[in-house]
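The chain below stands alone, shown as structure tokens; this is the form predicted alone.
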């Protein structure tokens, strides 16, 4: 009877979270105020993270909270400062057409759920075949208690390497479009110091300034930022034993730098971490990851086969290899997140009364 009661409680909790997600989703599509939309996106991601925890997907919840509710919200706020605060009204025909497309897609996805196995079914594909083999062999072959880390960083390290390359590509795209080492006007031009049109242009200001920040914020930030960095290191090096790893740690580390920038300004941030360091870091992480694969090949093994790193103790080789590639993931993810933020915050905007 007790098991039935607890099971019913979890169902009620899931239904409440799903209902809240539905309400927030409807509010998102109806609002035109971009600030409210960004805040609700953060709320939506936080609710999704809570739902993932209730489904025992703690690693996914960790990533959703760090990326969706955390740094994505900050990046969207930075992008919002470069545009108007209100979205233009959508024509009625387009709204109904969009609703129709979303409705048909939703019904198709809902119909597909009828062929899915029940949640927690021991005979489902996720809990059988290769998934079951991972559960049985992880401790003896990899020696990592966190099976998720063993799969992503060892068994399927080549797939993770491809994902890191995708993150690098996103960072390169931001650098090419926005640039993170140059000052841009609102039109995307790079003003020259000797340009007469630039000198006679209306006053401009950086997106983030520090004059209005209170001293209390600076004191609190100096206390919080070291703790955030320390937590990022904990997530990085504790990923073998619990939720976390290089991806989450990179996002948390980048959030610490962004917090510093929001409080002390971009000039101070660029002096602490220059744009060239961020550019170099986006490629350095991939080089660390791929370079380890080349090392394993040179030592007579396969690409990213960590066993050859310490032939006398393959388990130790697995730990060393996972540690190295997680550092590469941390460096690339943190650098790409900062490159996106630098790209937004480094742009200039003319002060116009109608924009504020």
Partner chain sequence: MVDFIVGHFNYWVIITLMMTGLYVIISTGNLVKKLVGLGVFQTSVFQLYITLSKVAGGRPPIFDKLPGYGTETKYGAAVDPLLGVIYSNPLPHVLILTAIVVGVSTLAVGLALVVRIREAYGSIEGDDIDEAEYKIEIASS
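Note that the structure is a prediction, hence the values are computed from the model and not measured. Basically, rigid core = biggest C-alpha set you can superpose within 1.5 Å across the two forms. Positions refer to the first chain, counted from 1.
Another form exists, predicted together with the partner chain; not displayed. Remarks below refer to it.
Visitor: If you check in the predicted bound form, is residue 309 within 4.5 Å of the partner chain, heavy atoms only?
Guide: Heavy-atom contact with the partner chain at 4.5 Å: absent for residue 309.
Visitor: Classify residue 303 as contacting or not contacting the partner chain in the predicted bound form by the rule of any non-hydrogen atom within 4.5 angstroms, answering yes or no.
Guide: Residue 303 lies outside the contact set for the partner chain.
Visitor: Determine whether any heavy atom of residue 243 comes within 4.5 Å of a heavy atom of the partner chain in the predicted bound form, and answer yes or no.
Guide: Residue 243 belongs to the contact set for the partner chain.
Visitor: State yes or no: in the predicted bound form, is some non-hydrogen atom of residue 275 no more than 4.5 angstroms from a non-hydrogen atom of the partner chain?
Guide: Residue 275: no, not in contact with the partner chain in the predicted bound form.
Visitor: So which of 236, 269, 72, 279 gets a non-hydrogen atom within 4.5 Å of the partner chain in the predicted bound form?
Guide: The residue from 236, 269, 72, 279 that makes the contact is 72.
Visitor: Taking the partner chain as it sits in the predicted bound form, which residues of 79 to 99 have a non-hydrogen atom within 4.5 Å of it? Please list them.
Guide: Result: 79, 80, 82, 83, 84, 86, 87, 88, 90, 94, 95, 98, 99.
Visitor: Return yes or no for residue 238: a CA shift of at least 2 Å between the shown form and the other one, with the rigid core superposed?
Guide: No: residue 238 shifts by under 2 Å between the shown form and the other one.
Visitor: Core superposed first: is there a CA shift of 2 Å or greater at residue 268 between the shown form and the other one?
Guide: Residue 268 C-alpha, core-superposed: shift of less than 2 Å.
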